[in-house]
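Coming up is one lone chain in structure tokens, specifically the form predicted on its own.
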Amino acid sequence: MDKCDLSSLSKRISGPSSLAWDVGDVASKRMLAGEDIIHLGIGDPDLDTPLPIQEALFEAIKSGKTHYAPLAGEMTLRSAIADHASLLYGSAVQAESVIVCNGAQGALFTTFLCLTEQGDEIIVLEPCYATYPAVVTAGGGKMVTVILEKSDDYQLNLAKIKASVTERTKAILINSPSNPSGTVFDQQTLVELACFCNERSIWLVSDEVYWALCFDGPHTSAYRVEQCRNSTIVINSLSKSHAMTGWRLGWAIGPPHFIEAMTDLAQASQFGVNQFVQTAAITALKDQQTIEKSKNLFISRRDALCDGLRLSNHLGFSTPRGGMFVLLDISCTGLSGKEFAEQLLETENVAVVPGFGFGQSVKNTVRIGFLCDEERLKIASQRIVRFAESKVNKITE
């Protein structure tokens, strides 16, 4: 009997970028078998959720917070997110402008289902997070890539973005601090982009999940432009700021008609997010101490990894100004990012993500997370440099 057909959606969500995690999957299996692998792939650091947040979860369960939640989220949490956003963006955000989602990834996916349809064009900046191609094309839209340059530290290029806009452009997706490059976009350029999108009635979707990890200055955002909020949507979460990756709680902030559409979709897709997780998230949003500690910790980890990588005479990278990753140019080795990542794991027991998952322009890179303690990162960088230098030496022999 022949297989029953799947929808065209299944093909749109299984493009080349979906294979970026294969090396990490192999590493995880070897770790389960007891092997000592330094896993610097998936952005899930070796940190536990702070104890007060855990305790808030336990108390919520004990108090009966185990029922259906309102589709858009508990109003107490929406209010807490709005208060947090008001401080982050410098002006008032209303609870009604917030919808609670199943993680920032869930928020991204449902956002683009609500914004775009067949034939719409969505501009995505490359290098981009590996799930973006599936996210923006799931509803039938077409991804239009704008390549940011390594020589500019992958900063926004307004001229390139504007040149890519057509009458079919429905949305622009940006990410700052960036995964994978660690770039933090300049605030003035974000203002100009927000105003441009607003004038052209183009949605600007800003993925800001690394908001707490800006190392050299304050968090920047297009949402600070108050007069453009009717065309700007923010995606955010507590995953990176409070070591809550597995809690799967995120949110979107946007104008009323967008929130209404997202709420309707939530009814069909998830029917609410766990009450007890939402209650604990309120405690997290009030926890400023963890944010500062996390930022300082990741600065130290970044420096440990980067200092080690600089011992190579051939590898290239821009020091990340935010987030938790280094995008390393390994073209000197003669290997693609995929080959480098596979062979590095095989010979040095270090797992990284091949660059092709973030766009063809960075296929000769690997993404390295500073996700574990400084000593392990120093060891990892030594192994990466040793492996790279051995490949360069073979070329020059």
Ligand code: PMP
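Residue numbers here begin at 1 and follow the sequence given. Note that the coordinates shown come from a computational prediction; the quantities given were computed from them, not determined experimentally.
Quick note: we don't show the form predicted in complex with this ligand, though the next part is all about it.
Although the partner is absent here, residue 252 lies well away from this ligand in the predicted complex, with no heavy atom inside 4.5 Å. Looking at residue 203, you'd find every heavy atom of it more than 4.5 angstroms from this ligand in the predicted complex. At the 4.5 Å threshold, heavy atoms of residue 110 stay clear of this ligand in the predicted complex, well away from it. Within this chain, residue 314 is remote from the site of this ligand in the predicted complex, having no heavy atom within 4.5 Å.
Within 4.5 Å of this ligand in the predicted complex, a heavy atom is found for all three of 132, 210 and 239. The stretch that touches this ligand in the predicted complex, counting heavy atoms within 4.5 Å, is 175 to 183, out of 175 to 183, 273 to 281, 217 to 225, 118 to 126.
Checking 73, 103, 322, 141 against this ligand in the predicted complex, a heavy atom within 4.5 Å turns up for just one residue: 103. Proximity to this ligand in the predicted complex, taken as a non-hydrogen atom within 4.5 angstroms, holds for one residue of 84, 248, 170, 150, which is 248.
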